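Consider the single chain below, provided in structure tokens and representing the form predicted alone.
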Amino acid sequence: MEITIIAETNENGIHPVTAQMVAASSSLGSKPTILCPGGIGSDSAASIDGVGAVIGVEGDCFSSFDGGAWASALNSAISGGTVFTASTPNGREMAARIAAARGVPVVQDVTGVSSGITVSRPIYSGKAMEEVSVSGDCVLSIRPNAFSPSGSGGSASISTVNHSSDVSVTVMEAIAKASERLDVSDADIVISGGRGMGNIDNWAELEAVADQIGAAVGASRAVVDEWGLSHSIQVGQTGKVVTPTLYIAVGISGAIQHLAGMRSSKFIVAINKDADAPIFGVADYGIVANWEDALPALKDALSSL
């Protein structure tokens, strides 16, 4: 079985979870290839026992984290098979993006792996365990400390590839755009989108309204996990708690975990096509409509102010 591991890096090199991912791959009988973003920690990765090869993926994008740019650069160095990332904010984002780019399943927060591939992971805030069987290629994010790390003593080959020309322009534009937006924790106005917006292609419509009113853009956990959005904009119990003057929820049903992160907002406006959605229970103003009808109308009204 072909397995590629995306090394988790920090300022001092590779994070210990990288050796734990190697141990997880060994349960599948594989000698994995490790990709080191920016080439950081290549020597340390090569010394992990059980590693087949190490590739340092270099490029301008690795000077600061940008999920889209990193995933694009790293994905181009993956030939196929199963991909492991760490179940960290950065790792989960890259797992979702790489899976989407490759058109394969993604399973997050894995704590057990057996041949097949069958994986286990906690669900319902750790109250239950789920077993998932995957046929074919997939992407798995591995929870730190779920596996004992592989030892040292390896001597894997090290090579380097450079993808600066592929992603550097995109990265600079993405970083510039991100720096212009407010953090959801600090913003006086937050507009958040959920699964009811359909797919990631419609996200620009939400951002357009945010630009008009000077709002920060937030998201529900569902779309962060499924669409590969940055964890930094996730609002809810496992994301950020926000207390803006105005919170606009678009296509968000209102799961209790999301409500825990935004119900203390001064004014809440909810837009949802389901009149029985729980979000209306905390909203000051509710609009029962599809986002396709509501957002253009809102943009037109704002333009006339």
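Rigid core here is just the name for the largest C-alpha set that superposes within 1.5 Å across the two forms. Keep in mind it's a predicted model, so treat the numbers as computed, not measured. Sequential numbering from 1, following the sequence displayed.
Not pictured, yet referred to below: the form predicted together with a small molecule.
Contact check at 4.5 Å (heavy atoms) against the small molecule in the predicted complex: all three of 255, 277 and 290 pass.
Residues of just one listed stretch (218 to 226, 143 to 151, 72 to 80, 125 to 133) have heavy atoms within 4.5 Å of the small molecule in the predicted complex: 218 to 226.
The listed set 37, 244, 239, 67 contains one residue whose heavy atoms approach the small molecule in the predicted complex to within 4.5 Å, identified as 239. Among heavy atoms of residue 266, none comes within 4.5 Å of the small molecule in the predicted complex. Residue contact check for residue 194: one or more of its heavy atoms lie within 4.5 Å of the small molecule in the predicted complex.
Shown alone here, residue 235 lies within 4.5 Å of the small molecule in the predicted complex, counting heavy atoms only.
Although the partner is absent here, residue 251 sits close enough that one of its heavy atoms falls within 4.5 Å of the small molecule in the predicted complex. Residue 47 is not among the residues whose C-alpha shifts by 2 Å or more between the shown form and the other one once the rigid core is aligned; its shift stays under 2 Å.
With the core superposed, residue 221 shows a C-alpha displacement of at least 2 Å between the shown form and the other one. Comparing the forms between the shown form and the other one on their rigid core, the Cα displacement of residue 241 reaches 2 Å or more. The Cα-Cα distance between residue 13 and residue 224 is lengthened by 3 Å or more in the predicted complex relative to the form shown here.
CA of residue 226 to CA of residue 85: farther apart by 3 Å or more in the predicted complex than in the shown form.
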